[in-house]
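Included below are structure tokens for two forms of one protein chain, each presented in isolation as structure 1 and structure 2.
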Structure 1
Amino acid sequence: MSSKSGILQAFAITIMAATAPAAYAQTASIKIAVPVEPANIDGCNTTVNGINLIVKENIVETLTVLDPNDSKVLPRLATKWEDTGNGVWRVTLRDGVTFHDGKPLNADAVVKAVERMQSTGVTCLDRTKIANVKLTAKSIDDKTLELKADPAQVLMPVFLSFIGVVGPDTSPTQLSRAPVGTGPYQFVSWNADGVQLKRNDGYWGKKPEVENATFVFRGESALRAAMVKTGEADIAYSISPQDADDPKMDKAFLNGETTRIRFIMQPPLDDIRIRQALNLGFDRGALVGTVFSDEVVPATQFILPKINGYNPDLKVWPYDPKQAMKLVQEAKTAGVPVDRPIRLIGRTNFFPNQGEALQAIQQMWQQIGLNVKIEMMESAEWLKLVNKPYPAERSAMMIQEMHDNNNGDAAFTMYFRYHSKGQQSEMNNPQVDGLIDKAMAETGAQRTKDFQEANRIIATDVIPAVPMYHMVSQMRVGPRVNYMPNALSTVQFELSDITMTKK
């Protein structure tokens, strides 16, 4: 063998050894590629995108969880919860549960976790889910505690699903990058290779099949998809429609997000005929299977069908450009300034192919005789337009929005978006305000009925927006593992649900 070919051979062997993904192929170890590296993985940020995938129900468990299919509240660390009146709920904890550091789960630990979540000493983002509600926790005995909500909350069982029970020794002033919980996986390390978790063999529940899991962070969709294709990763999150080109591996699922275009009620948008025309002039079907996945569902309201308060009687706006043009002409005759430019505000990096979608919609609206101009904004600028207090001078605008309500109840949408006091509401409708206030205090069928009626009035009488789609995410799942994403997979990705194909 010549020295040249020897060197080449050595080089080839080095490269092959370095690139072989075989080491983890022999064990039940998996790798998950996700788009964004979170700043922390604290158990009081279980509702924050990116953090939740790693920590929620894997490392840190909540008191209750929601059923992905019907949003029913299910036990997790709490086995029983009972409303004892005056805003107080008595919660019973599961027996035989220990934290990863060996400390037992008891009422004192939960009281500490609730206090930490509500503390101003550390910015726990799960607190935004129970904003404007003061929670006070009190230990009754080792396995029982009382939670008092002020004001009283009928949705306390759902609130329990926002309370991640972190270990009692968790810092009260620092967000954790090495959380301790009670979950089926425990934190191992976080370095340039990602976040590593290992199976918690002392877990109280069913022993998961996957032994080790590594979350790696890759910002580019094509690269995440390629990682699964080459066997470097087993699951890739959030694949763009154009990269989801392998029907055997790519799975689309409703992700709980709904998109819409909100109207700022300045002329000509203050005229209901123009708002109707914009809805009639938008061909929702044209973007399905082209710009967006063929699995997206045209929306009638800002919540999904599985959410309590969804009105099933509302129909998707038909595409009727002739009627839309007629309405625009009628408004023009009545003196409405229909030629005035209307700004269509998009937010950068909102969802895949949003730019293409906005351009297509703008064209449709130009064709019905409206003067629509697209403006793309960076998040900070966009936020100034959507949150109260609004800028004093607002021209006619339509703002692209996306909202997720994976919490089972319309309350998490309605007040904020449609009540006159809501932080992102453009409405001032006493009837809707009354229905929302009434429903928020009710339970059962009457609550559902009042939210449904509010949604009917909003969609047919007020028309504050163009409802677009219930969105889907694409996930690529490699041949080594079995995993079927569900409606909560973008916010709660349970490693325990994954099994290996070859044992």
Structure 2
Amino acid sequence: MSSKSGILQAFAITIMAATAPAAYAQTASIKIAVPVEPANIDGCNTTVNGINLIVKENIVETLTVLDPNDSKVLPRLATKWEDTGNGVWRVTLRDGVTFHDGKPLNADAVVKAVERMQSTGVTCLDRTKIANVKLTAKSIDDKTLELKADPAQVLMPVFLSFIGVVGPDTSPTQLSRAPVGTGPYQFVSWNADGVQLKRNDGYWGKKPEVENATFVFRGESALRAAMVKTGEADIAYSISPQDADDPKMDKAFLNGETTRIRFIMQPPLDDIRIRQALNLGFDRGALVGTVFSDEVVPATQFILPKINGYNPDLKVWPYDPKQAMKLVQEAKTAGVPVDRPIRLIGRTNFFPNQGEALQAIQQMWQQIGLNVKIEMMESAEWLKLVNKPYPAERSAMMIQEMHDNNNGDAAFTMYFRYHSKGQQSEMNNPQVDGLIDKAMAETGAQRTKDFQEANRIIATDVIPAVPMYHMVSQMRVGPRVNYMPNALSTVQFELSDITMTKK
């Protein structure tokens, strides 16, 4: 940090401390500082980083939720679900639930939400979680509906946790910046002061303690941490390790996220020797305990060890710059354009110290003879690169990504990341496609075995990415509130779990 930016930051902290409203500390109103302002807060994007913190289970509820400890499926707006055969599940809805606009929750409203999520009228990214599955919803009576999955899905109860039930008057063609749901909080406003929510006193469930919540967007980790220190905010998300210097307020937790750098396989990245060299030329150990927390775990695949289908036989790539340079030279001799610039795309404020990490990795790769250029993008532009339909002309590039899978099964990663028809796949491998298709229809040990074999082929034969780490997050929680983060806290931050400190 330059001396000028340090002076400005110190000045900003002083101003915050001096101007924090005196009445703020006396109310059940809280402020949460997060890194990035989302493009929308639509209820069909509850799985998208940044949107989920505000919307999921706060404003818009899903049919089921997952236990953060073991991914067990728990009821939310649905109280019962039953497999009636042939891909059809009968779902029973909770009684006495109304949307924030006063309309009742009924089967027709859920059918409409499912149809909207699956339509092409809006870009609902939650549908990427159900990959190639077509859901058809039909109302049976006021509180009962049928959901048919084609092909049939044994994991339908988990799928229900991806269906955000938005109000029936939600636009079918536009993403919302003012969502209507059934949750314990309802949308108030979105302006320069952030996104404001207020408690829904007509909520069907337990009444939360927090009355009002404001999400504010601050890009610098140090600033977010300082806001909590000075009382300007109550909770700060994604604090960098170097800013988490107060053991009384800072909480570290495994967050379920895995990072990688994905290859767009244009020359020279279409040559497997270059993809191998990039993995061998990355010193993963050098960033542990320096740029990242000493609790991050180097990854071998894009799912966590607790997920069904994780292959325990895969090993972390060793750091071997000599072998990496040898592979680059072999490729060059064979006519591969190894001197061609390779874009390394980062997403602004994706996670703490991302910029520092990319700069360190860039230097490692330059040392093995590759011409890597860093570019940082805002979320909206970055999303255009990672989701199909891809831009018509894509040069050789690598894209920094982060993915959470706390859903217990590899299905929620494998199809849309690695199948040739996947929304975020760069691959076209018939053997992997066949294994994924086969596993998706199986249960038990064979399902696990086929996913594991697919992961082996991906990691050793295709090499579509540089695996990085299973990540750890730091959150700062101020003295006015009580909140303990869990494995879902980076994707599902329930205001109802927060209590006010008793004086």
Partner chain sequence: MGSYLSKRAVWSGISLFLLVVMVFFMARLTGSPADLYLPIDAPNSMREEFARLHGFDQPVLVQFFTFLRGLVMLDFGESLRQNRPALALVLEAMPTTLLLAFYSIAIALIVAVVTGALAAWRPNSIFDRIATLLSLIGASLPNFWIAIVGVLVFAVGLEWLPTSGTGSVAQWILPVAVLAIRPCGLIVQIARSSMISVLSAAYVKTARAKGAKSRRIIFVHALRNAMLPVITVAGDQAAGIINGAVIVETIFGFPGIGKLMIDSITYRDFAVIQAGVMVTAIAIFMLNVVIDIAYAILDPRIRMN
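Residue numbering: sequential along structure 1, first residue numbered 1. As the structure is a computational prediction, the values presented were derived from the model and not from experiment.
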Just checking, which of these two is the form predicted on its own? 2
Just want to know which of I399, T46, E61, V472 is the hinge point between the rigid parts that rotate between structures 1 and 2. V472
Rounded to the nearest whole degree, how much does the smaller rigid part turn between structures 1 and 2? 29
